[in-house]
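Read the single chain below, which is given as structure tokens and is the form predicted alone.
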């Protein structure tokens, strides 16, 4: 009985971590606090649903279509909507405030479009809902597959950020954009790339989530809040922190839903979040700033 919620919590936590990594890139590098972040996840889930039901495209194959398309759309959003904000902002703090207002409006535009197309009903589709026995627990194959792909994508991102020149440039801009300019790094192009990469990651999370969860057009706000909680709990800009905080969130929700009451999962999440803010305001792996 204990193994089943443990595996489900690890799967959910892995997805949360993957989603939060994308927001870490958008906020930590481009300094864009994207309140419409969850709408990208829901849009990717609907795209996977349509490809699977209407065109019979496997969701895993759909990743190869949806993820690059999401990266392109997010790059265009940055160039058209956010670049003017970047140019006029006096500093990064001012850009953060402006981006909150801009993406808050974008949230309602994206949500309104999806509500007009799909309505407010919940959707799901049957993909690899084959029961698999692990240590006496029964877990669907789609959940295990989603976890596996989340691990692969997260590991690829980590290696890309730590072992490539582009990754070094992204980390340099995240730490100090002024110093990055002095070593000939194109800060605006790097920020645009990081924003697009963050959009690609959340789209990948949306496709994986659609394989085993129900979703509707209004669910984006929930995922945005959970991604923000994971990012802040783990420490802004810290990928390891995202992983640990995502696992804590996923395991907490699953165990509370299994052993206490499903209606208390959100309350438990916020209690842990508040405790982290009180005890370690910089996050679990964040660095305290003087």
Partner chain sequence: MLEVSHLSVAYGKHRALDDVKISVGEREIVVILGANGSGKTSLLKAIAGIVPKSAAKISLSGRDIAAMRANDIVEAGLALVPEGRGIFGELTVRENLLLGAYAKRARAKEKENLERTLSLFPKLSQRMEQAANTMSGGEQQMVAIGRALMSAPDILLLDEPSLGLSPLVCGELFASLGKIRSAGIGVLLVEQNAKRSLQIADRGYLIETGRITGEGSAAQLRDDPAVQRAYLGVE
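Since this is a predicted model, take the numbers as computed values, not measurements. Positions refer to the first chain, counted from 1.
Beyond what is shown, the protein has a form predicted together with the partner chain; the following relates to that form.
Under a 4.5 angstroms non-hydrogen atom cutoff, the partner chain in the model of the complex lacks residue 218 among its neighbouring residues. The partner chain is not shown here, but in the model of the complex it comes within 4.5 Å of a heavy atom of residue 185.
Proximity of residue 176 to the partner chain in the model of the complex falls within the 4.5 Å heavy atom cutoff. Taking the partner from elsewhere, residue 144 is found to have every heavy atom lying beyond 4.5 Å of the partner chain in the model of the complex. Proximity to the partner chain in the model of the complex, taken as a non-hydrogen atom within 4.5 angstroms, holds for one residue of 181, 132, 109, 89, which is 181. For the residues 172, 128, 157, 95, the 4.5 Å heavy atom test against the partner chain in the model of the complex is passed only by 172. Stretch 163-171 is the contacting one of 163-171, 118-126, 199-207, 98-106, since its residues have non-hydrogen atoms within 4.5 Å of the partner chain in the model of the complex.
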